[in-house]
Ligand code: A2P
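Presented below, as structure tokens, is a lone chain in the form predicted on its own.
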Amino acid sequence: MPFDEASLPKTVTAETVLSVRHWTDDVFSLRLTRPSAFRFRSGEFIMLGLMSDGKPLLRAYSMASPAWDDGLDFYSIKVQDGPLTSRLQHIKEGDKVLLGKKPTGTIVLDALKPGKRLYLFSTGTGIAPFASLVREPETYEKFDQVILTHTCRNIADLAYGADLVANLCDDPLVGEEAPGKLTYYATTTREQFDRMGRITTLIETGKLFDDLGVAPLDRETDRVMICGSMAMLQDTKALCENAGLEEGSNASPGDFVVEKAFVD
């Protein structure tokens, strides 16, 4: 998807697509070149997009790669009539994609108080910032146990997360520590699977904690990050607050944080 890089606004750069993988008919991932001066914290998001009618068309995407990686990974849904994703899903290796210059976000370790156990609650492509954080050495330095949950409608939609976790043992920076500290808990809501149910239901009924062999949410020990659909964010946030956890931010670290960026 060629365009005149010289005419781009100063707020973006044009990066080259290094690889694309279509996991299902509904989701795909892509890897881009990373500008040498680009810095971010694992878990943050950035504006990503394409040129449309001579103007940048950008949406917020979480970096799915850790801050130390030489490239930039992203994980996206395919919205057939979406202004951006209807086009972005067709990119190929060698194409150019626009990348913003100012990463931001609340799904970062700095926004949480110290704790013993870290829950990463995700649905759908909401697993993206956690793909970054489970490969971040600081995650395992700060927490004794990390629990990554991923809930999707169908089994095939869990492939991205399952592949991520399966390859952690070969990760150059967390390969030794992550397998012993990370627990992966996947569920479906539609197709029959070993574990089924919405993560909010599993938290509310206590089945999640029974399955994991741990006590329910406790603000003295547990910290939570939440990323998914708007309804999931609201419901899971309410469950955290009901358990006595307080929401944190970059300015005031707390017991849980919620992602506030969305893709069309």
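Since the structure is predicted, the reported quantities are computational estimates derived from the model, not experimental observations. Note that residue numbering follows the sequence shown and begins at 1.
Missing here is the form predicted in complex with this ligand; even so, the following discussion is about that form.
A heavy atom within 4.5 Å of this ligand in the predicted bound form is found for one listed residue only; from A37, A231, A215, A238, this is A231. Taking a 4.5 Å heavy atom cutoff to this ligand in the predicted bound form, the contact residue among R219, R195, R198, K207 is R198.
With this ligand omitted here, the record of contacts in the predicted bound form names 150-158 of 150-158, 92-100, 107-115, 168-176, defined by a heavy atom within 4.5 Å. When contacts are judged by a 4.5 Å heavy atom cut-off, S132 does not count as touching this ligand in the predicted bound form. Using a 4.5 Å cutoff between non-hydrogen atoms, Q145 does not count as a contact of this ligand in the predicted bound form. When contacts are judged by a 4.5 Å heavy atom cut-off, T189 counts as touching this ligand in the predicted bound form. Contacts between 116-145 and this ligand, taken as any heavy atom within 4.5 Å in the predicted bound form, involve T123, G124.
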